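So this first bit is one chain, no partners, the form predicted on its own, shown in structure tokens.
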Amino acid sequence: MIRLEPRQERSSALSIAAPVVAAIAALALAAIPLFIAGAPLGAAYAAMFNGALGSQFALAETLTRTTPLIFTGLAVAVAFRARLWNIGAEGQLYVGALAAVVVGTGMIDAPGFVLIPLLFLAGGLAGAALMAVPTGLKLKFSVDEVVTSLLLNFVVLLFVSMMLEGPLKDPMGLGWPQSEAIVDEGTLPVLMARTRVHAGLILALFMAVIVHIVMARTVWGFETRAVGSNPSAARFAGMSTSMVMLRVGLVSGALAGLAGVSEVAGLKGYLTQDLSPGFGYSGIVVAMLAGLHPLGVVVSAFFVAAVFVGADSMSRAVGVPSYIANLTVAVALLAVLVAGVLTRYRIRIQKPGARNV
């Protein structure tokens, strides 16, 4: 008989190795659908690697995809650390982008060093305000935030569609549902010439460091971890769990909102309905692969971005569906969940009839 036995101690090496092994396992398991599709495995993985890291252009595209994943991964990691299940980072990304477009298309005439911070401030506040809804419903009426935050994603997408077909529609867009372009003063500078890597990446890395310091070195971070570990014990210690959850929700929503600002101000320049290919949902995988560690989010975001970018190149090179990237990321999430269980429990094989010791 196989049973799970709780580990008395969880080693740091095991905790670090778990997501690494999960990522390797995901890539290995991805060989199964590739084999079924008839693709040569060696050529397929070589094309994936070259497409993600094999040239300056490939690396630049991977870094470009990494930027919003860091923001959404941090948003999810902060919320999940307090057991606030934010599944609405996708909607928060879009309202952040919407706020940036409203402010950055001519509402305010200011130089870049003033306008760019205002765009991020507006986007962060918009994302925080949206996440305040499911957080408030959870605290006031015990409504499941998984449902409310998830459903708000679809509400936001419909609202964005209405705005792009109405008040925010670009009159010079030839009928396409898109907003006016953000003015030049609000555009983020490019970091690498002739690439799409922009200054949003620097801000994302900076926010990862800040979130790590706050979570590891401040009272607010300690309260967040305490509420996430044992709410009853936190209340007994005199902590206001409601205030902690509200703060966590606002910060989580703000971080996801920054992802939207980064995309419209640094990459696309204007808002469309297809701004995000699912960065908010992928942020959940990023956070889980990182073990909810803010600095680990940077590494896992780069891995997920490399898988997506590399899969596109692999699809063109060996003629397999690019959806294998989604499958690989999904398998990575399942693998990291299994790895998480194995870091907390030890597998014991007991012979039938043997007594428990």
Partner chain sequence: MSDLFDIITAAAFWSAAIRIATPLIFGTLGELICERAGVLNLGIEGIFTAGAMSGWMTVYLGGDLWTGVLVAALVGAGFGLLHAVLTVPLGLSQHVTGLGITLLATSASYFTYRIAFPNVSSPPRIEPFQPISIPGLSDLPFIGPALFQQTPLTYFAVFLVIVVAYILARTPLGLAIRASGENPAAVDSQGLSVYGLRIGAVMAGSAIMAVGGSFLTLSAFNAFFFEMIAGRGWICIALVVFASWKPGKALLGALLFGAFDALQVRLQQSMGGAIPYQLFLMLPYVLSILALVIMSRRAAYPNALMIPFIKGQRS
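What you are looking at is a predicted structure, and each value in this text was computed from that prediction instead of being measured. Positions refer to the first chain, counted from 1.
Below: the form predicted together with its partner chain, not depicted.
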Answer range among 211-219, 182-190, 141-149, 96-104 for contact with its partner chain, defined in the model of the complex as heavy atoms within 4.5 Å: 141-149
Taking 4.5 Å between heavy atoms as the contact cutoff, choose which of A43, A37, L295, L53 touches its partner chain in the model of the complex. A37
V248, A126, I116, V285 - the one with a heavy atom within 4.5 Å of its partner chain in the model of the complex: V285
Using a 4.5 angstroms cut-off on non-hydrogen atoms, would S161 count as touching its partner chain in the model of the complex? yes
Quick one: is G291 in contact with its partner chain in the model of the complex, heavy atoms, 4.5 Å cut-off? no
Would V21 count as a contact of its partner chain in the model of the complex, using a 4.5 angstroms cut-off between non-hydrogen atoms? no
Is V338 near its partner chain? Define near as a heavy atom within 4.5 Å, in the model of the complex. yes
Taking its partner chain in the model of the complex, which residues along 327-343 bring a heavy atom to within 4.5 Å of it? L327, A330, V331, L333, L334, L337, V338, V341
